[in-house]
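Just one chain follows, in the form predicted on its own, and it is written as structure tokens.
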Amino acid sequence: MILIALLALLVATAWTVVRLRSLFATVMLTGIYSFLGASWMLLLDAPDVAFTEAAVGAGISTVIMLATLSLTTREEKVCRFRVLPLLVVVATGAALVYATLDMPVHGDPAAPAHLHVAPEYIADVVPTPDGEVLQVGIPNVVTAVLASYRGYDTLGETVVIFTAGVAVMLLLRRPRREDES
């Protein structure tokens, strides 16, 4: 019941963000949206994703958008309706929904991840009869997956966030005037 209420709040917040013209209110609502998303992920037992969403989505992104807003106007310019961007978004959304139709049912023991990936992780972690741990070297399956295999994922996320941060800082820096040099 709480998950449905959070999803309803997420939809309502997204709809409000789309309809607003005040950029400051939009920035604040995107922070609220990220916080609601983090709460939803926490209820789905994904605390690592929830923590990342809260820190990056509700925290850093809101601060960066407020800094950007200080360099622009507070109201969005009214522009005419364009069909092409709407068609691109609808086509992308339809492709994503179509791609999810091929996914296995949640928790299906016959899913490829349970038949091919999980046994390999377990085989790499379980000690051999002489006590030697294969490939990973960590005797706990959960720790082995989080510390080794997920480490590459975390490294990739860190590189993406760092690159985005550098790009935003370069965009936000003010050009020097000739009299300042």
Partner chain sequence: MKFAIVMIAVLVTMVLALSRAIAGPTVFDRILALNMFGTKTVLLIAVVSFLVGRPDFLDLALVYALVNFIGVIAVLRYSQHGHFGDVPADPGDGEDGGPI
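Numbering follows the first chain given and starts at 1. Quick caveat, the model's predicted, so the values are computed rather than measured.
There is another form of the same protein, the form predicted together with the partner chain; it is not shown, and what comes next is about it.
Sort through Pro47, Pro112, Gly156, Pro119 and report the residue having a heavy atom within 4.5 Å of the partner chain in the predicted complex.
Here the answer is residue option Pro47.
From the list Val166, Ala25, Val160, Val18, which entry has a heavy atom within 4.5 Å of the partner chain in the predicted complex?
For this set of options, the contacting one is Ala25.
Report whether the minimum heavy atom distance between Tyr152 and the partner chain in the predicted complex is within 4.5 Å.
Because no heavy atom of Tyr152 falls inside 4.5 Å of the partner chain in the predicted complex, the answer is no.
With a 4.5 Å heavy atom cut-off, would you call Leu42 a contact of the partner chain in the predicted complex?
Output for Leu42 is yes: heavy atoms within 4.5 Å of the partner chain.
Ala54: heavy atom within 4.5 Å of the partner chain in the predicted complex?
Yes, contact at 4.5 Å.
With the partner left out of view, is Ala144 within 4.5 angstroms of the partner chain in the predicted complex by any non-hydrogen atom?
Answer no; every heavy atom of Ala144 is more than 4.5 Å from the partner chain in the predicted complex.
Candidate spot Ala58, Thr62 and Ala67, all three touching the partner chain in the predicted complex (heavy atom, 4.5 Å):
Every residue of the spot touches the partner chain in the predicted complex.
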